[in-house]
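Below you'll find only one chain, the form predicted on its own, shown as C-alpha coordinates.
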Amino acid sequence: MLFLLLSVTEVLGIASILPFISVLANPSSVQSNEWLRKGYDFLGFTNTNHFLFLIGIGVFFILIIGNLIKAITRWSTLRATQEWGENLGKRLFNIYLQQPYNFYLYRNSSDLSKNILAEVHGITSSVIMISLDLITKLIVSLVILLFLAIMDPLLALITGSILGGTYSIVFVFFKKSLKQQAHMRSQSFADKYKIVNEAIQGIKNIKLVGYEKLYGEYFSKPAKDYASSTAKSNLIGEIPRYAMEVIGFGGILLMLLYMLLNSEKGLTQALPVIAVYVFAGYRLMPNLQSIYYGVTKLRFNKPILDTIHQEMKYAQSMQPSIDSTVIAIPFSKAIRAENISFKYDQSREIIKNANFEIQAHSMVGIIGKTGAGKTTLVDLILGLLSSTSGKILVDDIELIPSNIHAWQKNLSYVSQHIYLCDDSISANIAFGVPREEVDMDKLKHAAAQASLSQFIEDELEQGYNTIVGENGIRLSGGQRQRIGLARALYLNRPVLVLDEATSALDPHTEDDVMTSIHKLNEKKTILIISHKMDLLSKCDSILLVQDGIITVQNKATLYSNLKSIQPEGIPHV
(Lines give C-alpha, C1' and ligand atoms only; values in the text may rest on other atoms or scores of the structure.)
Protein backbone atom coordinates (compact mmCIF):
# COMPACT_ATOMS: atom_id res chain seq x y z
CA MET A 1 0.00 0.00 0.00
CA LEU A 2 2.80 2.39 0.89
CA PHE A 3 4.53 1.56 -2.40
CA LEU A 4 1.46 2.66 -4.39
CA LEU A 5 0.98 5.78 -2.26
CA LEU A 6 4.63 6.67 -2.82
CA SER A 7 4.19 6.20 -6.58
CA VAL A 8 1.12 8.48 -6.63
CA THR A 9 2.89 11.26 -4.73
CA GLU A 10 5.89 10.97 -7.07
CA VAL A 11 3.63 11.43 -10.09
CA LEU A 12 1.73 14.29 -8.43
CA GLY A 13 5.03 16.00 -7.72
CA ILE A 14 6.07 15.67 -11.36
CA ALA A 15 2.64 16.65 -12.70
CA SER A 16 2.49 19.75 -10.49
CA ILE A 17 5.50 21.15 -12.34
CA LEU A 18 3.46 21.44 -15.53
CA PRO A 19 1.02 24.24 -14.45
CA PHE A 20 3.73 26.05 -12.53
CA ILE A 21 6.11 26.24 -15.50
CA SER A 22 3.19 27.00 -17.89
CA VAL A 23 2.16 30.08 -15.90
CA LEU A 24 5.77 31.06 -15.29
CA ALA A 25 6.64 30.90 -19.02
CA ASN A 26 3.35 32.33 -20.24
CA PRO A 27 1.12 34.15 -17.67
CA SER A 28 -1.68 34.38 -20.24
CA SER A 29 -2.05 30.58 -20.04
CA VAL A 30 -4.09 31.18 -16.89
CA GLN A 31 -6.90 32.40 -19.14
CA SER A 32 -6.24 30.16 -22.13
CA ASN A 33 -6.09 26.89 -20.14
CA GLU A 34 -9.52 25.75 -19.00
CA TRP A 35 -8.36 24.06 -15.77
CA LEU A 36 -6.08 26.93 -14.75
CA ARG A 37 -8.86 29.44 -15.43
CA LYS A 38 -11.36 27.50 -13.33
CA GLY A 39 -8.89 27.33 -10.41
CA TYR A 40 -8.04 31.01 -10.80
CA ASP A 41 -11.70 32.06 -10.74
CA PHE A 42 -12.77 29.63 -8.00
CA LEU A 43 -10.11 30.93 -5.62
CA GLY A 44 -10.97 34.54 -6.43
CA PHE A 45 -7.56 35.67 -7.66
CA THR A 46 -7.14 38.98 -9.47
CA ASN A 47 -3.39 38.84 -9.88
CA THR A 48 -1.54 36.22 -11.95
CA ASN A 49 1.64 36.54 -9.86
CA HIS A 50 -0.28 35.74 -6.69
CA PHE A 51 -1.81 32.71 -8.40
CA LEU A 52 1.67 31.62 -9.53
CA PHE A 53 2.94 31.99 -5.96
CA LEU A 54 0.11 29.71 -4.71
CA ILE A 55 0.92 27.11 -7.36
CA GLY A 56 4.59 27.22 -6.29
CA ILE A 57 3.60 26.67 -2.66
CA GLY A 58 1.40 23.75 -3.75
CA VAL A 59 4.27 22.17 -5.69
CA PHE A 60 6.57 22.58 -2.69
CA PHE A 61 3.95 21.08 -0.35
CA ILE A 62 3.44 18.06 -2.62
CA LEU A 63 7.23 17.49 -2.68
CA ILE A 64 7.34 17.63 1.14
CA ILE A 65 4.47 15.13 1.42
CA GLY A 66 6.17 12.88 -1.15
CA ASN A 67 9.47 12.88 0.75
CA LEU A 68 7.65 12.28 4.03
CA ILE A 69 5.91 9.23 2.54
CA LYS A 70 9.26 8.12 1.11
CA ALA A 71 10.81 8.32 4.62
CA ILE A 72 7.90 6.34 6.13
CA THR A 73 8.21 3.73 3.38
CA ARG A 74 11.94 3.45 4.03
CA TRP A 75 11.38 3.04 7.76
CA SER A 76 8.76 0.35 7.17
CA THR A 77 11.10 -1.46 4.79
CA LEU A 78 14.00 -1.35 7.26
CA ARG A 79 11.83 -2.57 10.12
CA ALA A 80 10.32 -5.41 8.08
CA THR A 81 13.76 -6.43 6.78
CA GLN A 82 15.32 -6.60 10.23
CA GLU A 83 12.38 -8.57 11.61
CA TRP A 84 12.63 -11.06 8.76
CA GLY A 85 16.38 -11.32 9.27
CA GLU A 86 15.93 -11.87 13.00
CA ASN A 87 13.34 -14.60 12.42
CA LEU A 88 15.48 -16.23 9.74
CA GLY A 89 18.51 -16.31 12.06
CA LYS A 90 16.49 -17.79 14.93
CA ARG A 91 14.91 -20.31 12.60
CA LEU A 92 18.26 -21.50 11.20
CA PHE A 93 19.83 -21.65 14.68
CA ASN A 94 16.94 -23.80 15.95
CA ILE A 95 17.20 -26.04 12.89
CA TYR A 96 20.86 -26.67 13.69
CA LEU A 97 20.19 -27.22 17.39
CA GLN A 98 17.53 -29.80 16.67
CA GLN A 99 19.54 -31.87 14.22
CA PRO A 100 20.53 -35.40 15.25
CA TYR A 101 23.97 -35.73 16.82
CA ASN A 102 25.57 -37.34 13.77
CA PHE A 103 24.77 -34.17 11.76
CA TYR A 104 27.64 -32.47 13.61
CA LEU A 105 30.04 -35.28 12.80
CA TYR A 106 30.09 -34.19 9.16
CA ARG A 107 29.84 -30.41 9.44
CA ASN A 108 32.47 -27.78 10.16
CA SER A 109 31.57 -25.60 13.14
CA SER A 110 32.95 -22.47 11.44
CA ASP A 111 30.64 -23.14 8.49
CA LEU A 112 27.60 -23.33 10.78
CA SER A 113 28.65 -20.14 12.61
CA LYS A 114 29.19 -18.36 9.30
CA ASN A 115 25.72 -19.29 8.09
CA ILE A 116 23.97 -18.11 11.26
CA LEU A 117 25.95 -14.94 11.94
CA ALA A 118 27.19 -13.74 8.54
CA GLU A 119 25.16 -15.29 5.75
CA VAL A 120 21.81 -14.55 7.42
CA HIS A 121 22.99 -10.93 7.76
CA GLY A 122 23.93 -11.07 4.07
CA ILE A 123 20.44 -12.31 3.22
CA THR A 124 18.96 -9.45 5.27
CA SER A 125 21.04 -6.61 3.86
CA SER A 126 21.86 -7.88 0.37
CA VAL A 127 18.77 -9.86 -0.62
CA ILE A 128 15.67 -8.96 1.41
CA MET A 129 16.45 -5.24 1.73
CA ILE A 130 17.52 -4.92 -1.89
CA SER A 131 14.49 -6.89 -3.10
CA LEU A 132 12.09 -4.58 -1.26
CA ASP A 133 13.92 -1.52 -2.58
CA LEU A 134 13.86 -2.97 -6.07
CA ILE A 135 10.08 -3.54 -5.90
CA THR A 136 9.54 0.01 -4.63
CA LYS A 137 11.70 1.59 -7.34
CA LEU A 138 10.15 -0.59 -10.03
CA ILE A 139 6.59 0.40 -9.12
CA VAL A 140 7.49 4.09 -8.92
CA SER A 141 9.35 3.95 -12.26
CA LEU A 142 6.47 2.21 -14.03
CA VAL A 143 3.96 4.75 -12.72
CA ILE A 144 6.19 7.65 -13.81
CA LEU A 145 6.58 6.13 -17.29
CA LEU A 146 2.82 5.60 -17.47
CA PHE A 147 2.28 9.28 -16.65
CA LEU A 148 4.78 10.32 -19.32
CA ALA A 149 3.04 7.99 -21.80
CA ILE A 150 -0.26 9.78 -21.15
CA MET A 151 1.43 13.09 -22.02
CA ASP A 152 3.31 11.84 -25.08
CA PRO A 153 3.19 8.10 -25.85
CA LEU A 154 5.89 8.12 -28.51
CA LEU A 155 8.35 10.13 -26.43
CA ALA A 156 7.68 7.98 -23.35
CA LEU A 157 8.20 4.81 -25.39
CA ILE A 158 11.49 6.09 -26.78
CA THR A 159 12.66 7.21 -23.31
CA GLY A 160 11.71 3.92 -21.64
CA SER A 161 13.24 1.84 -24.43
CA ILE A 162 16.56 3.70 -24.41
CA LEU A 163 16.96 3.72 -20.63
CA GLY A 164 15.67 0.19 -20.02
CA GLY A 165 17.51 -1.22 -23.00
CA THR A 166 20.83 0.31 -21.95
CA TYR A 167 20.62 -1.17 -18.46
CA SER A 168 19.55 -4.55 -19.83
CA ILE A 169 22.45 -4.69 -22.29
CA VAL A 170 24.96 -3.78 -19.57
CA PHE A 171 23.55 -6.45 -17.23
CA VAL A 172 23.65 -9.19 -19.88
CA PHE A 173 27.22 -8.21 -20.73
CA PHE A 174 28.39 -8.52 -17.10
CA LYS A 175 26.16 -11.45 -16.06
CA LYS A 176 28.88 -14.10 -16.46
CA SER A 177 31.43 -11.99 -14.62
CA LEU A 178 28.96 -11.47 -11.74
CA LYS A 179 28.51 -15.23 -11.45
CA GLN A 180 32.28 -15.75 -11.26
CA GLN A 181 32.70 -13.01 -8.66
CA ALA A 182 29.80 -14.43 -6.63
CA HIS A 183 31.44 -17.87 -6.53
CA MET A 184 34.78 -16.34 -5.52
CA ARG A 185 33.12 -14.31 -2.77
CA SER A 186 31.29 -17.33 -1.36
CA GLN A 187 34.37 -19.57 -1.32
CA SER A 188 36.75 -16.94 0.05
CA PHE A 189 34.28 -15.95 2.79
CA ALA A 190 34.00 -19.59 3.93
CA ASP A 191 37.80 -19.96 3.85
CA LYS A 192 38.27 -16.83 5.97
CA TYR A 193 35.93 -18.13 8.66
CA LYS A 194 37.58 -21.55 8.66
CA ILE A 195 41.13 -20.18 8.94
CA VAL A 196 40.23 -17.75 11.73
CA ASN A 197 38.41 -20.47 13.67
CA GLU A 198 41.32 -22.91 13.31
CA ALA A 199 43.87 -20.27 14.31
CA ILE A 200 42.01 -19.21 17.44
CA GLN A 201 41.23 -22.77 18.52
CA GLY A 202 44.86 -23.83 17.95
CA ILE A 203 46.55 -20.66 19.20
CA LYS A 204 48.71 -22.51 21.74
CA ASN A 205 50.27 -24.71 19.06
CA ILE A 206 50.60 -21.78 16.67
CA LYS A 207 52.45 -19.77 19.32
CA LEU A 208 54.64 -22.69 20.31
CA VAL A 209 55.70 -23.59 16.77
CA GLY A 210 55.84 -19.97 15.56
CA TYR A 211 53.21 -20.21 12.83
CA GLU A 212 51.70 -16.74 13.35
CA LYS A 213 53.11 -15.42 10.09
CA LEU A 214 52.13 -18.57 8.22
CA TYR A 215 48.50 -18.32 9.30
CA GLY A 216 48.54 -14.64 8.44
CA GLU A 217 49.54 -15.65 4.93
CA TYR A 218 46.84 -18.35 4.86
CA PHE A 219 44.26 -15.67 5.69
CA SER A 220 45.67 -13.16 3.22
CA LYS A 221 44.61 -14.93 0.01
CA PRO A 222 40.90 -15.47 0.78
CA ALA A 223 40.76 -11.96 2.30
CA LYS A 224 42.20 -10.55 -0.91
CA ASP A 225 39.84 -12.62 -3.08
CA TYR A 226 36.85 -11.52 -0.99
CA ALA A 227 37.80 -7.84 -1.26
CA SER A 228 38.47 -8.16 -4.99
CA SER A 229 35.18 -9.92 -5.80
CA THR A 230 33.17 -7.45 -3.71
CA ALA A 231 34.87 -4.44 -5.30
CA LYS A 232 34.30 -5.79 -8.83
CA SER A 233 30.63 -6.48 -8.16
CA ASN A 234 30.18 -2.94 -6.79
CA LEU A 235 31.93 -1.51 -9.86
CA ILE A 236 29.66 -3.48 -12.19
CA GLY A 237 26.72 -2.06 -10.29
CA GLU A 238 27.99 1.51 -10.66
CA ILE A 239 29.24 1.47 -14.29
CA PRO A 240 25.95 2.43 -16.03
CA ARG A 241 25.51 5.51 -13.86
CA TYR A 242 28.27 7.39 -15.67
CA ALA A 243 27.05 6.37 -19.10
CA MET A 244 23.46 7.25 -18.22
CA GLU A 245 24.45 10.78 -17.18
CA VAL A 246 25.73 11.36 -20.74
CA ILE A 247 22.67 9.64 -22.26
CA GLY A 248 20.36 11.64 -20.02
CA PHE A 249 21.92 14.98 -20.97
CA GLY A 250 21.88 14.05 -24.64
CA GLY A 251 18.28 12.93 -24.29
CA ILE A 252 17.26 16.33 -22.91
CA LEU A 253 18.84 18.04 -25.91
CA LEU A 254 17.11 15.68 -28.37
CA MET A 255 13.81 16.09 -26.56
CA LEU A 256 14.21 19.89 -26.70
CA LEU A 257 14.74 19.73 -30.44
CA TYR A 258 11.83 17.29 -30.85
CA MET A 259 9.46 19.53 -28.92
CA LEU A 260 10.56 22.65 -30.77
CA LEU A 261 10.03 20.98 -34.13
CA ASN A 262 6.58 19.71 -33.17
CA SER A 263 5.37 22.81 -31.35
CA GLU A 264 3.56 25.62 -33.16
CA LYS A 265 4.41 28.22 -30.49
CA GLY A 266 8.04 27.23 -30.12
CA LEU A 267 9.79 27.27 -26.75
CA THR A 268 6.87 28.84 -24.83
CA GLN A 269 4.63 25.85 -25.43
CA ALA A 270 7.43 23.28 -25.26
CA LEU A 271 9.01 24.57 -22.01
CA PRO A 272 6.40 23.17 -19.55
CA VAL A 273 6.56 19.69 -21.11
CA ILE A 274 10.35 19.81 -21.18
CA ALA A 275 10.36 20.83 -17.52
CA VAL A 276 8.10 17.89 -16.65
CA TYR A 277 10.39 15.47 -18.50
CA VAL A 278 13.49 16.94 -16.87
CA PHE A 279 11.93 16.62 -13.41
CA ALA A 280 10.65 13.14 -14.27
CA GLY A 281 14.17 12.24 -15.36
CA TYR A 282 15.47 13.63 -12.08
CA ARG A 283 13.18 11.16 -10.30
CA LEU A 284 13.40 8.32 -12.80
CA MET A 285 17.16 8.05 -13.39
CA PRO A 286 18.09 7.27 -9.75
CA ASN A 287 15.27 4.73 -9.59
CA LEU A 288 16.46 2.95 -12.74
CA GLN A 289 20.04 2.98 -11.44
CA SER A 290 18.81 1.51 -8.13
CA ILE A 291 16.87 -1.18 -10.00
CA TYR A 292 19.92 -2.15 -12.02
CA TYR A 293 22.18 -2.04 -8.93
CA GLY A 294 19.67 -4.19 -7.04
CA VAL A 295 19.53 -6.77 -9.83
CA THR A 296 23.34 -7.01 -9.96
CA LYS A 297 23.51 -7.36 -6.18
CA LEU A 298 20.89 -10.08 -6.18
CA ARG A 299 22.85 -11.94 -8.85
CA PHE A 300 26.08 -11.48 -6.91
CA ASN A 301 24.50 -12.67 -3.66
CA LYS A 302 22.65 -15.63 -5.18
CA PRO A 303 25.10 -18.14 -3.61
CA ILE A 304 24.16 -16.80 -0.16
CA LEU A 305 20.50 -17.36 -0.93
CA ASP A 306 21.26 -20.83 -2.29
CA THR A 307 23.26 -21.70 0.84
CA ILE A 308 20.56 -20.62 3.29
CA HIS A 309 17.86 -22.28 1.19
CA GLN A 310 19.86 -25.51 1.25
CA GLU A 311 20.38 -25.27 5.00
CA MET A 312 16.67 -24.68 5.57
CA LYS A 313 16.01 -28.08 4.02
CA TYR A 314 17.48 -29.61 7.18
CA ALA A 315 14.21 -28.59 8.85
CA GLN A 316 12.86 -31.89 7.50
CA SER A 317 15.26 -33.82 9.75
CA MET A 318 14.68 -31.71 12.86
CA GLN A 319 14.22 -33.68 16.04
CA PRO A 320 11.59 -32.40 18.46
CA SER A 321 13.09 -30.18 21.15
CA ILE A 322 13.26 -31.65 24.64
CA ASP A 323 10.23 -30.60 26.61
CA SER A 324 11.14 -29.73 30.20
CA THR A 325 7.96 -31.48 31.28
CA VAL A 326 9.02 -34.83 29.75
CA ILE A 327 9.11 -37.51 32.44
CA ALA A 328 12.14 -39.80 32.52
CA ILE A 329 11.69 -43.44 31.54
CA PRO A 330 11.60 -45.56 34.71
CA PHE A 331 14.92 -47.35 35.10
CA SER A 332 15.31 -49.89 37.89
CA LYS A 333 16.29 -53.17 36.20
CA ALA A 334 18.72 -53.17 33.30
CA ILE A 335 19.95 -51.72 30.01
CA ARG A 336 20.00 -54.51 27.42
CA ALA A 337 21.52 -54.52 23.93
CA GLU A 338 20.21 -57.08 21.47
CA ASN A 339 22.21 -57.70 18.29
CA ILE A 340 23.13 -54.04 17.82
CA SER A 341 25.43 -53.02 14.98
CA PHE A 342 26.57 -49.58 13.88
CA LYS A 343 28.57 -47.96 11.12
CA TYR A 344 29.11 -44.38 9.93
CA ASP A 345 27.61 -44.07 6.44
CA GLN A 346 29.52 -46.42 4.11
CA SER A 347 32.40 -47.13 6.49
CA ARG A 348 33.14 -50.48 8.09
CA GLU A 349 31.03 -51.61 11.01
CA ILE A 350 32.25 -50.10 14.26
CA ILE A 351 29.99 -52.23 16.44
CA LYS A 352 29.12 -55.77 15.25
CA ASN A 353 26.07 -57.67 16.45
CA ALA A 354 26.64 -56.81 20.12
CA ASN A 355 24.69 -58.37 22.98
CA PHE A 356 25.17 -57.33 26.61
CA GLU A 357 23.29 -56.29 29.72
CA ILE A 358 24.05 -53.57 32.26
CA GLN A 359 22.31 -54.04 35.58
CA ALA A 360 20.85 -51.02 37.34
CA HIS A 361 22.98 -49.68 40.23
CA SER A 362 26.08 -51.47 38.94
CA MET A 363 29.45 -50.08 37.88
CA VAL A 364 30.52 -51.22 34.44
CA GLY A 365 33.87 -50.57 32.83
CA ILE A 366 34.48 -50.29 29.08
CA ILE A 367 37.94 -50.99 27.69
CA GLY A 368 39.51 -51.41 24.28
CA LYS A 369 42.16 -50.09 21.92
CA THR A 370 42.02 -46.47 20.80
CA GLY A 371 39.54 -46.34 17.93
CA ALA A 372 37.98 -49.68 18.82
CA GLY A 373 34.53 -48.11 19.19
CA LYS A 374 34.23 -47.45 22.94
CA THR A 375 32.89 -43.90 22.57
CA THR A 376 30.59 -45.01 19.74
CA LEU A 377 29.17 -47.69 22.04
CA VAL A 378 28.54 -45.10 24.74
CA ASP A 379 26.91 -42.74 22.20
CA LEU A 380 24.52 -45.56 21.28
CA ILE A 381 23.64 -46.11 24.94
CA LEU A 382 23.18 -42.35 25.41
CA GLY A 383 20.80 -42.23 22.46
CA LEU A 384 22.98 -39.79 20.52
CA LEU A 385 23.41 -42.32 17.73
CA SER A 386 20.93 -44.89 16.43
CA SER A 387 22.07 -48.42 15.71
CA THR A 388 21.95 -49.55 12.10
CA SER A 389 20.44 -52.84 13.28
CA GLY A 390 19.36 -54.41 16.56
CA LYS A 391 17.86 -52.59 19.52
CA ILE A 392 18.58 -51.24 22.99
CA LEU A 393 16.03 -51.75 25.75
CA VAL A 394 15.68 -50.05 29.11
CA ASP A 395 13.66 -52.11 31.58
CA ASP A 396 12.34 -54.03 28.54
CA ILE A 397 11.22 -50.81 26.82
CA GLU A 398 12.85 -50.38 23.40
CA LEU A 399 14.52 -47.02 22.80
CA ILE A 400 12.93 -45.36 19.76
CA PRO A 401 12.88 -41.74 18.54
CA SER A 402 9.65 -40.97 20.40
CA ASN A 403 11.03 -41.88 23.84
CA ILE A 404 14.74 -41.14 23.45
CA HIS A 405 14.45 -37.77 25.23
CA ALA A 406 12.66 -39.41 28.13
CA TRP A 407 15.59 -41.84 28.39
CA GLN A 408 18.14 -39.02 28.23
CA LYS A 409 16.46 -37.46 31.27
CA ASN A 410 18.18 -40.27 33.22
CA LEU A 411 21.68 -39.51 31.95
CA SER A 412 24.64 -37.35 32.90
CA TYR A 413 27.83 -37.53 30.87
CA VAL A 414 31.45 -36.46 31.30
CA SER A 415 33.71 -36.58 28.25
CA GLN A 416 37.47 -36.48 28.03
CA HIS A 417 37.27 -33.07 26.36
CA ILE A 418 35.20 -30.77 28.55
CA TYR A 419 33.46 -27.79 26.98
CA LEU A 420 33.42 -24.70 29.19
CA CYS A 421 31.71 -21.43 28.31
CA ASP A 422 33.32 -18.04 28.96
CA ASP A 423 31.46 -17.53 32.22
CA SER A 424 31.79 -18.17 35.95
CA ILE A 425 32.62 -21.52 37.52
CA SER A 426 29.12 -21.72 38.99
CA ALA A 427 27.55 -21.08 35.55
CA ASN A 428 29.69 -23.86 34.07
CA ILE A 429 28.80 -26.37 36.77
CA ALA A 430 25.09 -25.52 36.46
CA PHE A 431 25.46 -25.36 32.68
CA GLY A 432 22.24 -24.27 30.95
CA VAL A 433 20.38 -23.61 34.21
CA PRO A 434 18.99 -20.02 34.50
CA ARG A 435 20.99 -18.09 37.12
CA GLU A 436 17.97 -17.48 39.30
CA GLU A 437 17.25 -21.22 39.42
CA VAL A 438 20.76 -22.38 40.43
CA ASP A 439 20.80 -24.24 43.75
CA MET A 440 24.10 -23.11 45.30
CA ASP A 441 24.02 -25.72 48.09
CA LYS A 442 23.57 -28.49 45.55
CA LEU A 443 26.25 -26.91 43.33
CA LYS A 444 28.80 -26.74 46.18
CA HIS A 445 28.06 -30.35 47.10
CA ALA A 446 28.74 -31.42 43.49
CA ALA A 447 31.99 -29.43 43.52
CA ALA A 448 33.05 -31.17 46.74
CA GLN A 449 32.33 -34.59 45.22
CA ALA A 450 34.55 -33.65 42.27
CA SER A 451 37.36 -32.56 44.66
CA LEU A 452 36.96 -29.02 43.35
CA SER A 453 35.55 -27.04 46.29
CA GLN A 454 38.84 -26.53 48.14
CA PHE A 455 40.51 -25.12 45.02
CA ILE A 456 37.58 -22.77 44.37
CA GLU A 457 37.09 -21.55 47.92
CA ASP A 458 40.73 -21.32 49.05
CA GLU A 459 42.65 -20.33 45.92
CA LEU A 460 40.27 -18.21 43.87
CA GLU A 461 39.59 -14.68 45.09
CA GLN A 462 36.14 -14.55 43.48
CA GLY A 463 35.32 -18.15 44.33
CA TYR A 464 32.45 -19.61 42.33
CA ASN A 465 32.09 -16.31 40.45
CA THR A 466 35.55 -16.65 38.88
CA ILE A 467 35.45 -16.34 35.08
CA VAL A 468 37.15 -19.33 33.45
CA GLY A 469 37.80 -17.79 30.00
CA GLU A 470 36.82 -19.19 26.62
CA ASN A 471 36.66 -22.98 26.88
CA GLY A 472 38.30 -22.72 30.32
CA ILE A 473 41.61 -21.41 28.96
CA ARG A 474 42.54 -19.94 32.38
CA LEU A 475 42.32 -23.35 34.06
CA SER A 476 44.46 -26.46 33.93
CA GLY A 477 43.29 -29.60 32.19
CA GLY A 478 42.60 -31.29 35.51
CA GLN A 479 40.57 -28.33 36.78
CA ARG A 480 38.50 -28.29 33.61
CA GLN A 481 37.85 -32.01 33.97
CA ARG A 482 36.74 -31.62 37.58
CA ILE A 483 34.29 -28.89 36.54
CA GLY A 484 32.93 -31.34 33.98
CA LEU A 485 32.53 -33.96 36.71
CA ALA A 486 30.83 -31.46 39.01
CA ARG A 487 28.47 -30.53 36.17
CA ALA A 488 27.39 -34.16 35.76
CA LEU A 489 27.05 -34.67 39.52
CA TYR A 490 24.99 -31.47 39.85
CA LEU A 491 22.37 -33.02 37.56
CA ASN A 492 22.12 -35.94 40.00
CA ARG A 493 20.66 -38.35 37.47
CA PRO A 494 20.40 -42.17 37.79
CA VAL A 495 23.01 -42.98 35.12
CA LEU A 496 26.52 -41.48 35.16
CA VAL A 497 28.79 -42.02 32.14
CA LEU A 498 32.50 -41.21 32.42
CA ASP A 499 34.41 -41.22 29.11
CA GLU A 500 38.08 -40.98 30.13
CA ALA A 501 36.76 -38.38 32.55
CA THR A 502 39.73 -38.55 34.96
CA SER A 503 42.55 -38.80 32.41
CA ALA A 504 43.90 -35.30 33.23
CA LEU A 505 43.82 -35.76 37.04
CA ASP A 506 46.81 -36.53 39.19
CA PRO A 507 46.64 -39.92 41.01
CA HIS A 508 45.74 -38.41 44.40
CA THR A 509 42.90 -36.26 43.02
CA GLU A 510 41.71 -39.15 40.89
CA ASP A 511 41.50 -41.37 43.97
CA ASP A 512 39.47 -38.73 45.82
CA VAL A 513 37.09 -38.28 42.89
CA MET A 514 36.61 -42.01 42.34
CA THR A 515 36.03 -42.56 46.07
CA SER A 516 33.15 -40.05 45.86
CA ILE A 517 31.81 -41.76 42.75
CA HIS A 518 32.00 -45.23 44.31
CA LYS A 519 29.84 -43.98 47.16
CA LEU A 520 27.17 -43.21 44.56
CA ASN A 521 27.19 -46.77 43.24
CA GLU A 522 24.26 -47.90 45.36
CA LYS A 523 22.11 -45.10 43.94
CA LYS A 524 23.43 -44.78 40.40
CA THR A 525 24.40 -46.89 37.41
CA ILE A 526 27.94 -45.91 36.43
CA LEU A 527 29.71 -46.57 33.11
CA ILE A 528 33.44 -45.91 32.96
CA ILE A 529 35.57 -45.81 29.81
CA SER A 530 39.19 -46.09 30.86
CA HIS A 531 42.51 -47.77 30.18
CA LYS A 532 43.47 -47.66 33.86
CA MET A 533 43.15 -51.00 35.60
CA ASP A 534 42.96 -49.47 39.07
CA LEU A 535 39.69 -47.80 38.01
CA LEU A 536 38.34 -50.85 36.21
CA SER A 537 39.27 -53.19 39.06
CA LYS A 538 36.40 -51.81 41.15
CA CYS A 539 33.82 -52.37 38.41
CA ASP A 540 31.21 -55.11 38.73
CA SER A 541 31.73 -56.15 35.11
CA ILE A 542 33.69 -54.98 32.08
CA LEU A 543 32.80 -54.68 28.40
CA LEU A 544 35.78 -55.47 26.19
CA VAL A 545 35.54 -53.78 22.78
CA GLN A 546 37.79 -55.48 20.23
CA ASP A 547 37.49 -55.12 16.44
CA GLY A 548 33.82 -54.20 16.79
CA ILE A 549 33.08 -57.26 18.92
CA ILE A 550 31.85 -56.64 22.46
CA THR A 551 32.35 -59.30 25.08
CA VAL A 552 31.42 -59.20 28.76
CA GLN A 553 34.44 -59.85 30.97
CA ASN A 554 34.96 -60.38 34.65
CA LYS A 555 38.13 -59.19 36.30
CA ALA A 556 39.73 -62.63 36.23
CA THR A 557 39.29 -63.21 32.48
CA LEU A 558 40.06 -59.60 31.59
CA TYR A 559 43.73 -59.82 32.54
CA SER A 560 44.33 -62.74 30.22
CA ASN A 561 42.75 -60.83 27.32
CA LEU A 562 44.60 -57.57 27.80
CA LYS A 563 47.59 -58.66 25.72
CA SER A 564 45.37 -58.54 22.65
CA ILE A 565 44.44 -54.97 23.46
CA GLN A 566 47.93 -53.55 23.94
CA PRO A 567 51.25 -55.13 23.00
CA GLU A 568 52.70 -54.21 26.35
CA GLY A 569 49.95 -56.11 28.15
CA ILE A 570 48.28 -54.59 31.18
CA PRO A 571 47.73 -50.85 30.85
CA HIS A 572 49.66 -48.59 33.13
CA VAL A 573 48.15 -48.28 36.58
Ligand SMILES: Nc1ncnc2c1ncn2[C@@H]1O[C@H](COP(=O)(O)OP(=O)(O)OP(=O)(O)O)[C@@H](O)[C@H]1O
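Throughout, we count residues from 1 along the sequence that is shown. Not measured: the values here are computed from a predicted model.
Quick note: we don't show the form predicted together with the ligand, though the next part is all about it.
*Asks:* Residues in which of 165 to 173, 445 to 453, 221 to 229, 347 to 355 have heavy atoms within 4.5 Å of the ligand in the predicted complex?
*Replies:* Contact-bearing stretch, as computed: 347 to 355.
*Asks:* Tell me, out of 242, 419, 106, 75, which residue has a non-hydrogen atom within 4.5 angstroms of the ligand in the predicted complex.
*Replies:* If I apply the 4.5 Å criterion carefully, the residue I get is 106.
*Asks:* Could you work out which of 339, 462, 370, 332 is the residue within 4.5 angstroms of the ligand in the predicted complex, going by heavy atoms?
*Replies:* It is 370.
*Asks:* Might residue 301 be said to contact the ligand in the predicted complex, defining contact as any heavy atom within 4.5 Å?
*Replies:* Residue 301 lies outside the contact set for the ligand.
*Asks:* Though only this chain appears here, would residue 374 touch the ligand in the predicted complex if you measure heavy atom gaps against 4.5 Å?
*Replies:* Residue 374: contacts the ligand in the predicted complex.
*Asks:* Might residue 532 be said to contact the ligand in the predicted complex, defining contact as any heavy atom within 4.5 Å?
*Replies:* So residue 532 does not count as contacting the ligand.
*Asks:* Hey, in the predicted complex, does residue 238 get a heavy atom within 4.5 angstroms of the ligand?
*Replies:* The answer is no: residue 238 has no heavy atom within 4.5 Å of the ligand.
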